[in-house]
Ligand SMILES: Cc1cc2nc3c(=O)[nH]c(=O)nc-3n(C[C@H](O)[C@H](O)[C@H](O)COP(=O)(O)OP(=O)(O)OC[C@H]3O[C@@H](n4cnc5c(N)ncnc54)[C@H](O)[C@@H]3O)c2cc1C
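Okay, so here's just one chain, in structure tokens, the form predicted on its own.
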Amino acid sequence: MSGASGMIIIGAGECGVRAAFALREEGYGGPVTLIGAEPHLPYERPPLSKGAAAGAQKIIAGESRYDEAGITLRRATRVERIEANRRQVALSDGTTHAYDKLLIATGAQARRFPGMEAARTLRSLDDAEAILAAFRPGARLAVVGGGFIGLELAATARERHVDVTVIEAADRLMARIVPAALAAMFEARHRAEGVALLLSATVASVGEEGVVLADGRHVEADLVVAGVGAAPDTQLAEQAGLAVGDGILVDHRLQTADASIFAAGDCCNFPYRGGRVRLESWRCAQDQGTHAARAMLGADEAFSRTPWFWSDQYDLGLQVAGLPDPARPFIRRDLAGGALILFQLGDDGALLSASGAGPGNAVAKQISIAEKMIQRAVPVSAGQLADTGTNLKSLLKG
């Protein structure tokens, strides 16, 4: 065994990096080791589907910052197993490292359904570089999945004059999280940009010449990318005997049933408003990284930050605060320039969700206020939300 006991973080993405620095910000002086499987310096993942590759990636922190903070960053290193009974991890280089507390921040892996084995996926910088290298004018791209990543990639491809077909199994785009009225705005924009949208279409197989649909249609493509969601990376947790169910199960503190092991980010399933959720979100990864660090040092408060998502496609911006409930009515607030916000109220009369879309950052300020209203459970009326003459900030204060 090598190295003194301390804090070990598995996963050098947004969540893991944030946790490492948060430990130092909270005054922890012991060893902090951050272990990442990729050879690159930890980088932001959201820009990957928006055209950032090669030297254009956005690193989370320069190498000197890790040194200055006394964080040992192990790149191109895999954790082979967690030996929970010994409080140590075994690494791919044959060494073992003891820990006092361990954070699993392994994120999620791109999902492929049967028949899609030949499709590329977009989860890493290397993935992005390989895909973007094929974006030449006149090239043919088929994207399987009409969610955030697939549509952002489609927009990037069209801006580079690539012919694009998006294949979506649902009857509309972004059906999992985005209200139908907002999804329709993006559908219209993609069609206007020349994207062929095949809705209510399922894939039978992916081959060298493109995609064969379940109804027999053939979509010719030089490149096929599957953007059909991601599965939480729970293999290490399962092997260590931790409870798993659509993610690593954690409590309000992000602690597993093993008091010395925590999980955060895309790989964890946590309590939220009386239920359990797993979120694939840049903001959630950041927030949970900070929260997990505090919990590892003994803090007992519950993680309760309001979920927040965003997507940029062409010049349209989308933001969602809270978790929209398709069974509840939406309250519409029309803004200048064609921007739109849809609110939902909970049974208690407090704001439950706010979803907005429009040119650029047209909805950013109001969604930011709405996020705070959700967090503070501010009671509001449907009439106040619909009336554009009502200043949301005044509702937050009052």
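Keep in mind that what you see is a predicted model, and the values were worked out from it rather than measured. All residue numbers are counted from 1 along the displayed sequence.
The next section is about a form of this same protein that is not shown, the form predicted together with this ligand.
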Using a 4.5 Å heavy atom cut-off, which residue among Pro307, Pro179, Gly107, Gly210 comes into contact with this ligand in the predicted complex?
Gly107
Though this ligand is not shown, can you say which of Val219, Leu122, Val244, Ala183 has a heavy atom within 4.5 Å of it in the predicted complex?
Leu122
Although this ligand is absent from this view, report whether Lys50 comes within 4.5 Å of it in the predicted complex, heavy atoms only.
yes
Using a 4.5 Å heavy atom cut-off, state whether Leu352 contacts this ligand in the predicted complex.
no
Since only the chain is shown here, I'm wondering whether Leu385 would be in contact with this ligand in the predicted complex (any heavy atom pair within 4.5 Å).
no
Can Trp282 be called a contact residue for this ligand in the predicted complex at 4.5 Å between heavy atoms?
yes
Choose from 340-348, 28-36, 368-376, 327-335 the stretch whose residues reach within 4.5 Å of this ligand in the predicted complex, heavy atoms counted.
28-36
Out of 211-236, which residues reach within 4.5 Å of this ligand in the predicted complex, heavy atoms considered?
Asp233, Leu236
